[in-house]
Each structure stands twice: as C-alpha cells, then as structure tokens.
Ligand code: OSB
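In the block that follows, a single chain appears as structure tokens, in the form predicted alone.
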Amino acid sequence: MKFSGLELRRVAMPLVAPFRTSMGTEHERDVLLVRAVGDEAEGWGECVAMSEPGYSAEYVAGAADVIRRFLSPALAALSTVDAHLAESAFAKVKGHPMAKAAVQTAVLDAQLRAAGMSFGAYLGAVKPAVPAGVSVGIMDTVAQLLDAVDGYLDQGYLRIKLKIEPGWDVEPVRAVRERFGDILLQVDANCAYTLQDARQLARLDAFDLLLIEQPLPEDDIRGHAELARRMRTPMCLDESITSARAAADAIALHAAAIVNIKPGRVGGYLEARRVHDVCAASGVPVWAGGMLETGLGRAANVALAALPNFTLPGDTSASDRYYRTDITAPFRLEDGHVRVPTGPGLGVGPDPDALAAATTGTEWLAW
C-alpha cells in the first residue's frame, strides 16, 4: 500500500483510579496514538510507553521523537509499505520496541482494513471471546485491597492479579486467599525483589497461586531459574521477554514456566505472535498483559489473546476498569469475557468527539 504519512496524536486520558509506578503515581495517562494514512485505508496504533521511563527505558515524548526522526523516514524510503516491511525497516534502529509497535500496528490496521480482514483472523484467533482478569495495585491498607477485590469479583472478573513488593506480599495475599477462597489468584512483582528474598517469596507457595510474575530484575534470567527451583509457585516472566529468542532462552534455562506477552514490549504483534508460537512449541502457556490501553490498543490485545496458546485469563479488562470515557466504543465484560472484534483491522475506531475532547496535540509527518 502507498502511504502519505503518519499523524502523531497525544491524548490525555484521566484514570478511574490512580496508577502507582516505580516513579510515582499517575492520575492521567498521556497516550501517544499513531495514524497511518494510506491510499486505500488508514490505520491506528497506540504506543504503550508511560509518561516516564519507569516500566521500561521508553517514555511517551521519547517515543514520539524516535518515530519522528527515525521510524517515519525509514518507512518513507520504501516504495510500498506493509507491516512486515515496516518491521524489517525498523530493525536498523536499536531498541524502542514500543515506538516500533505503535507504528507497525497502525500500518497493519490500515493494511487489514483495506483487505477486509480482522486482526484476529490475521493473527490466528480461535476464540470469539477471551477470559478477563484484572490487576489490583498496591493499596494503603489490606482492608482497602479486600474491598477492591470484592468489587472486581462482583463485576465478574475471572482472575485477580495482586501487585506485590517488599513489605506488601505475604500478608495481603494471605488476606485475599482467606477472604475469597479458591479464586484464580496470581501476583506480580515488577522486578521488585532480588534472589536474596527467595525465602520470603517461597512463603507465597502456601497460597496456591497461578504464578508469580517477574519477581527479579529483567536481566536476571539465571536468578529466575534459581528462584524457580526454590519455589513451587510457577515462575512467569514479563519484562525479561523482549523477543521470541528471549522467550526460547528463558524456557531453555527453566526460568519461565509461563510467559506474559505484551506486544509493545516485544516490538509489535508480529513478534508477539512469534513469542506465542515459540512458547506453544515448548508447552509453555502464555497470557496477555496490559498497559492501561485505550480501546484501540485493547482491541488488538483482545485479538491476540484469542490465539490457541493463551490458556490463562489475561489483563484484558473492560474499558471502565481504567477509563470512564474511552476514545472508542467501550469494551464490556460479558460473563467474565471480552468479545474479540470481528470487523476489518482492529474492528474499532476512535469516536471523533471523544478523540477531539481528549486530544492535547497533533503532528503530521508527511512522506
């Protein structure tokens, strides 16, 4: 397809509840959207980088700069563009997977809209709806945590994920397990521990958790393998899995019994599908992580989560988990599941009025 350029659009999305990061608390998401304008269709992509480089080295303003200075010119130099050609062109730029994923997704969305094919059909989805879990952050008190979990279970979420950190781990997990019985329960440490904490983390084995997610730093694969030997709770990697090759290495070293796939973290949905395939070939189940996406990013994630090896509920929450007003028609929870869009491309598009109300700036990158 021939493209005339990219639009970079910044939108401000107030959160229903504050979101705690390693660098502070966010009350509003500064989201970078990418619109790829082609001669047959246009497509949308969402950059999942946060405002500050806390989860990863990427951040919103930096991602916009990388797209402006490097990724857009790389595509402009091509005689024709599709998602695979974009991926190859971006390989010359080291790192910046979230920026790459946003542009690649916009190109792929346009490509699929022109072909009349849905994201799910293209990726290989086999389910019409996916089971939805919810991530519950660290709170001031255990009582607040119990109230929050109670509310999410009442809404119909099928799995609860608790964020943990040193000083907030065994007791809150114990309280949730004792209060709510045999619910599907897992924990996420976001790299907050070291191997010296192995004895404390092993205390979590008593609570029959689905998994413990990324307890150690992302570059400590050997440490995760050693910790996995010391715990009964299955080890799941998130930040460590930056590619299909990284997934294969972690599995070979017995550092990952389960893998969380986040397309933004691996550079896009093409690589995310490869991670899925590598894990499936090794008998390692996967699930879909979330990054507080708007409806645009959520649509693509739900389609990915409908692939066959996604056997655990993901962070594919309904729109109202994070936003009172989304920029697309909201995703809703139906019997604990979220429907996979079936329309061409992402199957959803931004609502013009909601998008205009949320927009804080736009920039056109002409080719």
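As the structure is a prediction and not an experimental result, all values here were calculated from the model. One rule holds for the numbers: they count along the sequence shown, beginning at 1.
There is also a form predicted together with the named molecule; it is not shown, and the following applies to it.
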Inset, instruction - Please run the contact check for D238 against the named molecule in the predicted bound form: heavy atoms, 4.5 angstroms, yes or no? - result: yes
Inset, instruction - Using the partner position in the predicted bound form, report whether L123 sits within 4.5 Å of the named molecule, counting heavy atoms only. - result: no
Inset, instruction - Would you please decide whether M50 lies within 4.5 angstroms of the named molecule in the predicted bound form, comparing each non-hydrogen atom pair? - result: yes
Inset, instruction - Evaluate Y55 for contact with the named molecule in the predicted bound form, applying a 4.5 angstroms cut-off between non-hydrogen atoms, and reply yes or no. - result: yes
Inset, instruction - Heavy atom within 4.5 Å of the named molecule in the predicted bound form: which of H224, K163, H96, R113 fits that? Just give me the one. - result: K163
Inset, instruction - Find the only residue in A192, L201, M291, A250 having a heavy atom within 4.5 Å of the named molecule in the predicted bound form. - result: M291
Inset, instruction - Look at the stretches 166 to 174, 144 to 152, 203 to 211, 283 to 291 and give the one with heavy atoms within 4.5 Å of the named molecule in the predicted bound form. - result: 283 to 291
Legend entry - in the predicted bound form: members of 261 to 278 within 4.5 Å of the named molecule, any heavy atom: K262
